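For reference, the chain that follows is the form predicted on its own, supplied as structure tokens.
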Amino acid sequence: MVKINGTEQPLEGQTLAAYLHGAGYDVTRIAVEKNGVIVPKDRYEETILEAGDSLEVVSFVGGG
């Protein structure tokens, strides 16, 4: 299981890019932390989700 924003999901073996696309995230407006380390956007395609990983996906919101 992979914990994403506090919820466990069976995503082992999937790339981070595939998960984000499938979940409907706009990758230009988010930041992803995997196991306490920010993942650069250019590494999403090669980042494989593994059992025990913990992800935090944060969306940027504009405002004034």
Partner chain sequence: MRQALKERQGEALQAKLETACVAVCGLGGLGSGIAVMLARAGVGRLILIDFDTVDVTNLHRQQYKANQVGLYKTEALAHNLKEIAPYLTIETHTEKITPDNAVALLQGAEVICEALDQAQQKAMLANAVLEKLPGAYFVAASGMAGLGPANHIRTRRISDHFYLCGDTVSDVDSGMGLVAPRVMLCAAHQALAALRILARPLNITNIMED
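All figures in this text were calculated on a predicted structure; none of them were measured in a lab. Numbering follows the first chain given and starts at 1.
Not on display, but discussed next: the form predicted together with the partner chain.
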{"query": "Within 4.5 Å of the partner chain in the predicted complex, all of L11, G24 and A51 (non-hydrogen atom)", "finding": "no"}
{"query": "Contact label in the predicted complex: T7 to the partner chain, heavy atom within 4.5 Å", "finding": "no"}
{"query": "Contact flag, V58 vs the partner chain in the predicted complex, heavy atom cut 4.5 Å", "finding": "yes"}
{"query": "Any residue of 2-16 that, in the predicted complex, places a heavy atom within 4.5 Å of the partner chain", "finding": "none"}
